[in-house]
Every structure is written in C-alpha cells, then in structure tokens.
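Take a look at this single chain in structure tokens; it is the form predicted alone.
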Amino acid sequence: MNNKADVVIVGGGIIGCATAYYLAKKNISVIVLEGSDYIGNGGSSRNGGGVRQSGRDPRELPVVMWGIKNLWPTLSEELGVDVEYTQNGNLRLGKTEKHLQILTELTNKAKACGLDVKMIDSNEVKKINPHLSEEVIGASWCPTDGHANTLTATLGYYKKARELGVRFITGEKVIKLKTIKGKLRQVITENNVYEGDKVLVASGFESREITKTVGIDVPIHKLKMECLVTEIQPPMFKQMLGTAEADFYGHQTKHGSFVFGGSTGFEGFEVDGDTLISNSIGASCTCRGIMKYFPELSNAKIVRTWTGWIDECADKIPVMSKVDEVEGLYLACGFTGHGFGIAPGAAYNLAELIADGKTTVDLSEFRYDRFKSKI
C-alpha cells in the first residue's frame, strides 16, 4: 500500500474531512489518518449543530461570515447529501441585567465587523419564539444565523473527498511526527509510517501532544460538553438558540426532535473503553436548564445523550496556521466549541494556505505564534 501523499492530514473530523475535500478539488493527493475507528468520532459529531456568527470572538467573524455567504447555502447540493442547513436566525437569550450587558457588548463588537445583529426586548423575543418562558427578558438577534446536521455534513465531506481520491484510514493513531533534514516528512502511527510534503494536524485536543513531538506546543486543553436529543415533537421553532453565558444551546431538527447541549460545570465523567460517555448528573442538570427556558418540553422524553471533548484554546479562538519553525507543518486546532459552523470557511481557506500559500480570507489572527513572548 502506498503510504505517501502530497498532504497527510491527522484527524478525521469535519475540519480534516473538509480540508481534504477542498485540497482534492485542487488535484492534490491526500491521506487522512483518524485515530479512532470512526470518521467524525470527536467533537464534529458531538455538538449542537449551530452555524452561527453571533456570540463569536470578532477575530472569527470574517471566516465564518464568508463561509455562511459562500459555502453553506449550496453545501447540500455540492456534497450530494442533505446537511439540513437552515438559516432562520439565532436568539442568544438573557435572563438577567448582567446577561444583557454581556449580549450588548458582543452585539456591538459584531456590528462593528459588519454583522447584521441587534438587541431586542422580551416582547420582540416572544414574537420570534412564543414558546420561551417569561424568565427571558431580552436577547441578541442575528437573522442570518442557522443550524445544520453535524453527522450528514461531516460524512458528506468524507464521502465527497473519497470520490475525489482521498484515502481515509481509521484506527490509525498517530504517535509522533518526524523531520528529515530539517523538514517535516513523516507521520508515524502505532503500526505504520506515512510520508507527505506537508502535514496538517487537525486532531482536536490531541493535537497538542502530537505537535510536541517536533517541539511545537499550542496551549489547548480538553473541556467536556454534553448534548441530548428528545423524542420527536410538533414543530415549535426554527431558530438556533444560545445564551449570554454560553451554558445552553439547541435547535429543533428537520424531523422534529430537539438537540440541546451545554456546559454543566460537572467535571466528572465515565469512560467505556476509549469512549467518553454521558453522566446522569450532567444530563439532569442540562434538562433542568432546558425546562426553565421551555416549560412546554418538561415532559418530553430523552432518547439519547452523548458527551465529548472540546479542544479549548487559551484565548478561545482556533489556531489555523503554517508553522515557520517546522517546514511542512500546518495546524488547525483549538476551535473551542466553535468548530462546526466555521468549518467550511476554515477548511476552504486552509486548503488554499496549504496549496497556494495565500488565502481568500485573512487568517493572520489565527497564527500559532501569537502566544509567543513579545520580549
């Protein structure tokens, strides 16, 4: 088997799959190595499906706004699968004056970047979503935000990349990178050695340990998040929802079930083999939060839950960058729970960076060396 390609990508999540697809469209040969047995087994399939611009760090906005304008609307057609993308807005909810202050600050920063977003009062919130409880006193409203299906989007990129000749190898855990004559050439797994002219590490929180093997340390750590899915409910609303403190998010899917998630603050977890599994304490905490926002869902049955690790970066925005100290190394990690919605725009520009050395959207804010001492 030929273990050589122009580009080797470490990580089979949506960033890895999508970047592989956009590289393959440029007639560049690609091998994708996924450490688990399944494509999209990390955060790409364990998130709330938000495709949002509001509530983001302003440095992320140019990439995600470009992707929402140019890629998301036609993604189902391009990938040949229904990614269930809908663009019916995003309410970020507030229940206290402190919440409104947080939302107002985020809104003002986003408006300065050209995003169509505004603050609305409780009456306007109720007009958009009459199912919300009386505890909600205001929200930010971005009409161009939306949501999509995390599984079909990730697997759609995977399927289309394979059709273009990309090789995906699962169960192939990378243990180290190796330079030859000062240039990164080899990706070494537990069983094999792969060679590429360029290597993209897009492996979530595991990226840190992988890049350390060539002396590059990106300050990311893992943070547990949990999601749950309800039984099918009558149609209630089409917006994506979030909160001022980012402790709750969710939407109603195309077929009627709700996907809700958040950070409970409960740091305990259970492991089944190598798989992180939900804890009943965390799920119960999430449900109590949901009922405060949507009393109508108090009796809705939960059909499944899941949990996974977020690769949280020290400054809460991703690293998408070439590494000058190690020729041939590129990074795409630290997406801090924002990776799904930004993925098409990020991957398109990463492919340009790797293939052409220049990008449609400026990625300089995401350079890995922003953490270096300026002294």
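Bear in mind the structure is a predicted one, so any value in this text is a computation, not a measurement. For every residue, the number given is its place in the sequence shown, counted from 1.
Note that the form predicted in complex with a small molecule isn't included here; everything after this is about it.
- Across the options 35 to 43, 323 to 331, 22 to 30, 346 to 354, residues that bring heavy atoms within 4.5 Å of the small molecule in the predicted bound form belong to 35 to 43.
- Of the residues given (E245, E84, E206, D197), E206 alone sits with a heavy atom within 4.5 Å of the small molecule in the predicted bound form.
- Residue contact with the small molecule in the predicted bound form: W309 places a heavy atom within 4.5 Å of it.
- Taking the partner from elsewhere, G49 is found to have a heavy atom lying within 4.5 Å of the small molecule in the predicted bound form.
- Remark: G55 does not count among the residues lining the small molecule in the predicted bound form, judged by a heavy atom distance of 4.5 Å or less.
- For the chain shown alone, W141 is not a contact residue for the small molecule in the predicted bound form, no non-hydrogen atom being within 4.5 angstroms.
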